[in-house]
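Shown here is one chain on its own, the form predicted on its own, set out as structure tokens.
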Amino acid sequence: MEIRLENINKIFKGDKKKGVEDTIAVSNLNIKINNGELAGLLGPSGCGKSTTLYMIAGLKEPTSGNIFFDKEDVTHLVPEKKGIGLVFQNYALYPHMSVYKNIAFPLTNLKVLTFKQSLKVKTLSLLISLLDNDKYLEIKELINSSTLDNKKINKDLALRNLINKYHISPSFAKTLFSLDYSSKESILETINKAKEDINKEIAKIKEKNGYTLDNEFYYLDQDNKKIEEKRKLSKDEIDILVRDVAKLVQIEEQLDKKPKELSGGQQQRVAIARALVKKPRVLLLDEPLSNLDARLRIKTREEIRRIQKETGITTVFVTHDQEEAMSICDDIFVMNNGKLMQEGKPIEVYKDPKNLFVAKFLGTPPINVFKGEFKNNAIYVDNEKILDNVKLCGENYTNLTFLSCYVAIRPEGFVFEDKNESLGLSLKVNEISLSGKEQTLICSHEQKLSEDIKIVIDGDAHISISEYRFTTKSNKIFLFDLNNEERIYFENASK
């Protein structure tokens, strides 16, 4: 399912009598999320990302603009008609219900438009296929091995094993369990009885409605067309859906528990299962990991990615945590003050920020920003030349010989060589933090505009609390306009 937002605006009305101005939550937003992708809406609190998600869900209406699912305009559809699954930050599980009932809840009163099917004939045909040609011996062995402490057969365990093995409902599992497996003759008798019942049911359908059945047991009219019907799901259909999705999110062993008996990560999986059980067209996740501890967040975001890949469902993931978005999203949409600042593949956006906001927002540790200058085909910070032989690009900058600008350098863009270089930036090292292969230096400089200067260098470098001159990597340096904070591109002047 492709999702398109075209010229979306959302304005929350103020109160002029009280002097409260209108709030522009989302401004002229245009986004396209490709079919089957996991897209991240990323930005700081109040940037408009959750409001955007709620407009996609139908919980809020845009002030103007249109939202499309493929070619269908769903701008003004209510959530239940959009076919969305939504997972909130707090999960909103029912504490008095079991995990099973929490997942099944959206299906209990759901009416589905489907093709009429003879469930009786379908069940009898499945019974024959499982018993015929000595395949019943596998069922017999599974039941006989369903014991606790090698004692007598445990019925509950046998039923669970049958359900999991053959992907069947509890009622059908009870039917299999109750059969007489003592001889092949008794199984053949069961098969012949099922065949007789199938023939009787088909004859009954023909006599009553004039319908026949196709190979998948759907009703066909006189023109061999399937018959549509709108109905509630049966208990067996609900059970299969619940167990399928529980297996997908790996909580099939927790179905009888209450939410309070689960860990935070397991509760989150229940919420995702409940959102997926209706087989939605689109899955929407509103900061689903924010209530988990750091270690569990990493594990759970990987699970979200696995589930999304296995289902192939188009998913929108809202987060303020850039590391989360960078690690699992196919595309990210970076927002600020209700506007889209940049979109693209996470690594591409990181490597090629279009403006200062995106450069500062992405990256851990964050990018270091200085007040600097371009002059004499070189880039300077505090009269220290950090990059030489430079030519500015773009119609507004090509012919300039001097320009004051922001100079931003990624933490990994510094090189410590402990020798006198003609190019480089002098920094005072105030703190050193060693972590495995790397060490992070917290430094200071008079022209710094970020809170701290953090640089990452090789863990084997011999460095102490002192002042050093660092060279820089040209591909880790970015220039930004002082007026609009847009990117100023540059290249080697010799080209």
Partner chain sequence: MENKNNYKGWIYLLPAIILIALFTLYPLINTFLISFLEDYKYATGSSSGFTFDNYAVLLGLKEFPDYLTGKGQIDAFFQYALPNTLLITFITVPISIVLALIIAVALNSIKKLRTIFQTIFFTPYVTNIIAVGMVFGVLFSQTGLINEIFGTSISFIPGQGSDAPTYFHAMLVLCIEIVWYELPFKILVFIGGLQSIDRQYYDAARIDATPKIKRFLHITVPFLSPQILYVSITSFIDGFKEYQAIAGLFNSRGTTSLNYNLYTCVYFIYDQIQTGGQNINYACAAAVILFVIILLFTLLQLYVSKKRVYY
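Numbering follows the first chain given and starts at 1. Quick caveat, the model's predicted, so the values are computed rather than measured.
A second form of this protein, the form predicted in complex with the partner chain, is not displayed here; the remarks below concern that form.
**Q** Establish, in the model of the complex, whether Ala57, Leu86 and Arg274 all lie within 4.5 Å of the partner chain, using non-hydrogen atoms for the distance.
**A** So, yes: the whole triplet contacts the partner chain.
**Q** Phe217, Phe105, Phe370, Tyr397: which sits within 4.5 Å of the partner chain in the model of the complex by any heavy atom?
**A** Exactly one residue meets the criterion: Phe105.
**Q** Report the residue, out of Lys278, Arg243, Lys375, His320, that has at least one non-hydrogen atom within 4.5 angstroms of the partner chain in the model of the complex.
**A** Residue within 4.5 Å of the partner: Lys278.
**Q** So, Glu80 and the partner chain: in the model of the complex, are they within 4.5 Å at any heavy atom pair?
**A** Yes, Glu80 sits close enough to the partner chain in the model of the complex that at least one of its heavy atoms falls within 4.5 Å.
**Q** Is Asn90 one of the residues lying within 4.5 Å of the partner chain in the model of the complex, judged by heavy atom distances?
**A** Asn90 belongs to the contact set for the partner chain.
**Q** Indicate whether the partner chain has at least one heavy atom within 4.5 Å of a heavy atom of Thr401 in the model of the complex.
**A** Thr401: no, not in contact with the partner chain in the model of the complex.
**Q** Just checking whether His96 would be counted as a contact of the partner chain in the model of the complex - the rule being heavy atoms within 4.5 angstroms.
**A** His96: contacts the partner chain in the model of the complex.
**Q** The partner chain isn't shown here, but in the model of the complex, which of 388 to 396, 243 to 251, 301 to 309, 71 to 79 has heavy atoms within 4.5 Å of it?
**A** Contact criterion met by 71 to 79 only.
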